[in-house]
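Next comes just one chain, in structure tokens: the form predicted on its own.
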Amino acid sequence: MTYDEIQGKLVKETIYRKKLTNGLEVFFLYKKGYAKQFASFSTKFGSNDLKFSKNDGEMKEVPEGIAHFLEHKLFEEPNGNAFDRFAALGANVNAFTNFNITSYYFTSTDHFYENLKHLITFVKTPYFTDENVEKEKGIIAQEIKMYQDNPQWKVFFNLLKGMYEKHPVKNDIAGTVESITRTTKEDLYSCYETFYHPSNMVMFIAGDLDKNKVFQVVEENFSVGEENNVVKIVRSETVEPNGIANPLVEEKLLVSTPIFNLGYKDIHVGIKGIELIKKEISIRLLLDIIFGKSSVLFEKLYDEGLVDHSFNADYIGEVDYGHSIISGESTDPHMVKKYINDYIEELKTTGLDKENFDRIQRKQIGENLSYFNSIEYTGNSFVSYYFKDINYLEYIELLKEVTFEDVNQHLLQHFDINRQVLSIIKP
């Protein structure tokens, strides 16, 4: 059996890759001695994909939240649901939908190949009827209402709504009660037939397994003839203005202390591959230097009683959008914002500390090496980056290559108060 090898020199891992004739790419990570096995079946289809065309047809627009709706419905089968079949074999099955991906996965310690067949079968065989779609609308509507009462969910999506004027990333992943209400069985099948073709999907498998058998079992569970139907998908591109929609978004919910998200909208977008991941790594290093628990700024805010250990910062970088988010609890989020702005302006004049950069870089290398101990984290990360033309096994090598000058450059470019949004949930 022929397959390619993807090497990770620093992580000392090899991922084997085989592309099936139907376009599906299958990746296998051999983990000697691991009792747990993992498999995921993922499609490049998320909540952002609301306007698209298939095979040069006309552009179609679907209701918000349809990717998440479809994820719910795929578990339903004519005689029960997929959860029961996995449970009977002692496996844990689950799924998630985010802005760009929908993924179905399981972990097991036994009966791996039976579980793998179940995973492929239920994702490949949708069962939508007018009745079961209507029934699901009520379930998802309750879920949406629950999210509306969740302070962490609301503070995050309020931030995105303040940050983005047109890009669909500002929409809730689950959609709205109104958008779910007008979703039809035909909409679900249209999205399924477009985005769930193997040529738009990836399978990732990890464990102490025989690689030839892994590829053989996957191949055997796809019917002959699918290779003739490779789908061409064109996604509608959103022209997002450089500015923000609203610099301040406030709402009241049941919290004892205000929670906040302070965000910076990234306008240097449209890149992918190595260039995209290097930017992501540089900005994450920068955020750790400025906002990490060992930083001067955190100690100052903590000593003043303005933040606690929930204080955190992260960067999300996709091909067509990106943003940093600093989050936490505070009795005075506006004062936190002032401290942050003053400190960053001072840093832009003085520059970062080289020794501090070196220390944070070493810390992040150690953290990222430890992540490879989790086959679920490795699998989900590999697929997420692969859809952005990035080899996740190279992450640590690229982290080592990022320079002090790279990070200083992002300090000057990224933190623009004209692209800054503060989202607060008040008691």
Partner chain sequence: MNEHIREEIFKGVNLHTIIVDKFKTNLIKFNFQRPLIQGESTLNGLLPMVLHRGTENLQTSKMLSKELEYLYGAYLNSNVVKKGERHIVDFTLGVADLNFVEDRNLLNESLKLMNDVINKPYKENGLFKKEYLQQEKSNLEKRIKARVNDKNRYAVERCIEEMCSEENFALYEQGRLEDLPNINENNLFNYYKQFINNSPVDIMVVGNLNHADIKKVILDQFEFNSGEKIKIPREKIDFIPKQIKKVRESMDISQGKLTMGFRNNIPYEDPSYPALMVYVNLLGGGAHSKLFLKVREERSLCYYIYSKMDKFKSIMLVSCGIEVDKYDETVEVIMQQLEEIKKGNISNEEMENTKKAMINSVNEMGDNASAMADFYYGQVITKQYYSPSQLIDQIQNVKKEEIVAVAEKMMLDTIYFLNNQQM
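Positions refer to the first chain, counted from 1. If you're wondering where the values come from, they're calculated on a predicted model, not measured in any experiment.
Keep in mind the form predicted in complex with the partner chain is missing from the figure; the text below concerns it.
**Q.** in the model of the complex, segment of 166-174, 318-326, 185-193, 288-296 with a heavy atom within 4.5 Å of the partner chain
**A.** Of the stretches listed, the one contacting the partner is 288-296.
**Q.** Triplet Lys54, Asn246 and Leu399 all within 4.5 Å of the partner chain in the model of the complex via a heavy atom
**A.** Answer is no for this spot.
Q | Touches the partner chain in the model of the complex: Tyr343 (any heavy atom, 4.5 Å) | A | Heavy-atom contact with the partner chain at 4.5 Å: absent for Tyr343.
Q.
Taking any heavy atom pair closer than or equal to 4.5 Å as contact, tell me whether Val383 reaches the partner chain in the model of the complex.
A. Outside the cut-off, so no.
Q: Indicate whether Ser199 is a 4.5 Å heavy atom neighbour of the partner chain in the model of the complex.
A: Residue-level check for Ser199: no, no contact with the partner chain.
Q | Any non-hydrogen atom of Val239 within 4.5 angstroms of the partner chain in the model of the complex | A | Contact with the partner chain, no.
Q: Could you tell me which one of Lys44, Lys36, Lys388, Lys60 places a heavy atom within 4.5 Å of the partner chain in the model of the complex?
A: Spelling it out, the residue with a heavy atom inside the cut-off is Lys36.
Q: Scan Asn221, Thr181, Thr257, Asn312 and let me know which has any heavy atom within 4.5 Å of the partner chain in the model of the complex.
A: Partner contact (heavy atom, 4.5 Å) among the options: Thr257.
Q. Going by the partner chain in the model of the complex, which residues of 372-390 come within 4.5 Å of it through any heavy atom?
A. Result: Phe372, Asn373.
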